[in-house]
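In the form predicted on its own, a lone chain appears below as structure tokens.
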């Protein structure tokens, strides 16, 4: 019997994708010996009701541009082609069906999202299908997070692994704000993504 394939799943709105996302995915790939990392831009995210999310096709193309130089990175259209809200449980079910039972899925998420994990749809199924990696930035207040991880372990018997990533301090919110204000976003996102944003007049 062959070794199980280890596939990282990096979900997010990627509005826009930036170096924080890319560094996090690469750190997770190396630290958890993943065969590849699949970026999954969200279609219609249920948790992002505070601002209008950019059209899914733009976000998919920016993610493809940002990841195409890394042979271990892929981009999936699974969520943007599904109608209705994008729930992680539905995505993971589709992906495990696609990759097969001889694959271990690792879901890479920001630590802030993990704090809300118990409110996710069908969270027991989510935790059964994949292993969570919670990415934090240096100086992140981990006491609350560790308490949440202990609660998840007690309720569901599942471990969530912490991964500290320096570049996590970059945020899509800050990048959108800088673009609106006409400030530089150089070295925060790949040049190809910056050119795409400029060409398509995004975030103005």
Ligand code: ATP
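Positions refer to the first chain, counted from 1. All of these numbers come straight from a predicted model, not from anything done at the bench.
There is another form of the same protein, the form predicted together with this ligand; it is not shown, and what comes next is about it.
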Output flag, 54, 63 and 193 jointly within 4.5 Å of this ligand in the predicted complex, heavy atom basis: no
In the predicted complex, which of the stretches 144-152, 26-34, 66-74, 164-172 has residues with heavy atoms within 4.5 Å of this ligand? 164-172
Residue within 4.5 Å of this ligand in the predicted complex by heavy atom, from 127, 111, 117, 92, is 111
Even though this ligand is not shown here, does residue 136 get within 4.5 Å of it in the predicted complex, heavy atoms only? yes
Taking any heavy atom pair closer than or equal to 4.5 Å as contact, tell me whether residue 176 reaches this ligand in the predicted complex. yes
Which of the residues spanning 6-21 lie within 4.5 Å of this ligand in the predicted complex, based on heavy atoms? 10, 11, 12, 13, 14, 18, 20, 21
